[in-house]
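Before any questions on how it binds or moves, here is one chain, the form predicted on its own, in structure tokens.
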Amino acid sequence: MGLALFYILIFPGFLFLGFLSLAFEFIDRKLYARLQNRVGPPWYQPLADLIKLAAKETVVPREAESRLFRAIPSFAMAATAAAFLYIPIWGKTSLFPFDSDLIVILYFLTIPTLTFFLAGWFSSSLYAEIGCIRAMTQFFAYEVPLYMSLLGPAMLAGTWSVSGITEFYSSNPALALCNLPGLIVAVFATQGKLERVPFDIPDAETEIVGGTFTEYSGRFLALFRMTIDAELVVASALIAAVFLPFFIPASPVFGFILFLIKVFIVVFLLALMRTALARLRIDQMVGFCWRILAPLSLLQVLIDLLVRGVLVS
């Protein structure tokens, strides 16, 4: 029991994920700045921002649903931290692997978006309500392509376990190349899930102030920001485990270093996309997901079905 609590709360659980989230927030901001020919923040800036935000006064609007308003940020962070426990971070298997854990991870990663919607809806603010409706509209646009992009590699590997998928493709690295369309879809869909440029419509500061989080402040807003940073790490780790399962060493130390490198590669792709593209309208985002990402993810499924048919026969 004590060891399980250590895994959940310390490593590789909540505290470790929090540290990793701050580290990759700095890397993401630094990459974004350098790609724009700016200097970027110092290494301690994410932690300083978090401490400053948490120390500020927490204001709950009079018209808001007080209990839900206060509880929702904790649910968002807890779901994200729980998803991280089922992703391999130092080898081919995660800490708590089991059959169909991919479905559980996707379920946990769905919860933060739903909490963003509820947070905006129960804030009783016009700007927050517009932001949460946009967030939910995006959710129905990117979620199906994201699921289908992961469905193909899982079908080819013959398992719904992330650890099983990683182990399969690390033993058959040539087959991982068949999943390139799914990798492209997963990166774009993850950018939408994280509500980053060009899919930052729910948080468009020039249009709706702060979107879903307009009425949040203090430690509650800090927890939401921490959740978004943690989502960046968890989603990038999931993409790395499914689509980049190459050269996994037997040593846990070198395996962990390789894990960090792969997550960095995914974060770099997301930062590059954030730099190169301009914000889309909500109708453009939905059209892009259903007209381009969805067919591309379906193509991924068909490719994996054909390859699996050839291998089995």
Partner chain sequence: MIVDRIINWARLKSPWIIHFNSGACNACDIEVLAALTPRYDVERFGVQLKGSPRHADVLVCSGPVTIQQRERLITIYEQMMEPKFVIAVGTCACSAGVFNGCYCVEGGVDTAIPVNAYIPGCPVKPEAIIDGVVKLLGSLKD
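It should be emphasised that the depicted structure is a prediction, and the values quoted were computed from it without experimental measurement. Residue numbers count along the first chain shown, from 1.
Omitted here: the form predicted together with its partner chain. The next part is about that form.
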item: Candidate site 48, 52 and 210: all three near its partner chain in the predicted bound form by heavy atom within 4.5 Å; value: yes
item: Which of 173-181, 105-113, 159-167, 220-228 lines the interface with its partner chain in the predicted bound form (heavy atom within 4.5 Å); value: 220-228
item: Any non-hydrogen atom of residue 251 within 4.5 angstroms of its partner chain in the predicted bound form; value: no
item: Contact test in the predicted bound form: residue 29 vs its partner chain, heavy atoms, 4.5 Å; value: yes
item: 4.5 Å heavy atom contact, residue 56 and its partner chain in the predicted bound form; value: yes
item: Contact label in the predicted bound form: residue 36 to its partner chain, heavy atom within 4.5 Å; value: yes
